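Both blocks below hold the same protein chain, though in two forms, and each is given as structure tokens: structure 1 and structure 2.
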Structure 1
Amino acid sequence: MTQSTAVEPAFDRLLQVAVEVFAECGFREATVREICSRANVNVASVNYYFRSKEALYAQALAFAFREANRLYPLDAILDKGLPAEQRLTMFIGNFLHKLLDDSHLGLHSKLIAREIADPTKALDEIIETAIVPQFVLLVEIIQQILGASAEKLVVQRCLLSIFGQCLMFKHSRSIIDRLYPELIADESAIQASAEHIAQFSLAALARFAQQ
């Protein structure tokens, strides 16, 4: 027992701290020394347990995904028995809370958003395991609302319209913090913002469905 705080094995501490630091700084700006320092392990540990900084990053991403699915399960939204409008509202609420969760375990979205905005080699796997399933789910919901006759391109553009509204709160967080902080001040404000996006999108989709 070299470390008094070492209740968890070094490997696990390293992985958790890595998610934190990579989320804060991004892959390139994060340093192995900072990660090791926070995890109370020697600098050489990263290369001992994980082969390299890059391999640690890949494992940290995978770990963050597992946590995201554990904390924000999509179960209810997958229920095809519910009305599509309700499922869309639930989806947006779930997604926005996921994006704006600043708790110690909510760093995964920051990590993922970083990877999207500034891709590394790990992006392709992320798209496959995290993005595509969400896209597939939302495409299904949109198609249900627009009807079977909806063009594929229209469905895709509506998908981007909805995701774009949500992601605005993550990617442009720095602007919202400065100009409209009251929109994400607390839990109820976030909920209200989610409901706005749902209403805005449902209104637009309803018009598209008429045509």
Structure 2
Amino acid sequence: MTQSTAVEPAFDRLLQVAVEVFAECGFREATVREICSRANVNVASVNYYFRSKEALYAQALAFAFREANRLYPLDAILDKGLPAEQRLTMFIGNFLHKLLDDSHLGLHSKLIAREIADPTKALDEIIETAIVPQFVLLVEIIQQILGASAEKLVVQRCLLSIFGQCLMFKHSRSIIDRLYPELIADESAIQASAEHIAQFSLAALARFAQQ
């Protein structure tokens, strides 16, 4: 057995378990001992593979974003040959499904939400590598709809309004589950909610474009 094949299982286990523990406890409350215990590795493994708890956390965050993008790729949305309105609808559908995924990816979303609510030094790198590319893509789509002369601040406010509508479903999930569970009851319901957000947003963008 080569060194790489011997190393990878422990490294991968640590990373996956770290996502779980950091998502459950947050960076400050999570302990290296708990992570190593669940991963069934020696406590020294964190220092060996990652050098520190902080570095492990940063890699866990990056891994969470990579997994989300792997399961919900943006490839089709990047196609500039498609109408901007269609790309926006696809973007919103992709993002909302990603936020509301109840599979193992839900832990990744929870970890990311924790970091945004209670940021650490790792957030700056995550913004640069994972969040900025999504913002750039959405800005490009919005500008295509509004026109080249659209003011920068208007574009930015429209971007945050679109993200905000989607994030409401994530961060108020416990309320929606109790008041309007039918809105996110299954795949088709989530898609219908995504299409509503898209229609709502496109109507607003059309009004801004007229102005």
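Counting starts at 1 and follows the sequence of structure 1. Everything numeric in this text was worked out from a predicted model, so none of it was measured. The term rigid core refers to the most C-alpha atoms you can superpose between the two forms while keeping them within 1.5 Å.
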Of the two forms shown alone, the one predicted together with a further copy of the same chain: 1
Cα displacement of Glu54 between structure 1 and structure 2, core-superposed (Å): 2.7
Value in Å for the CA shift of Ser45 between structure 1 and structure 2, taken after the core is superposed: 4.5
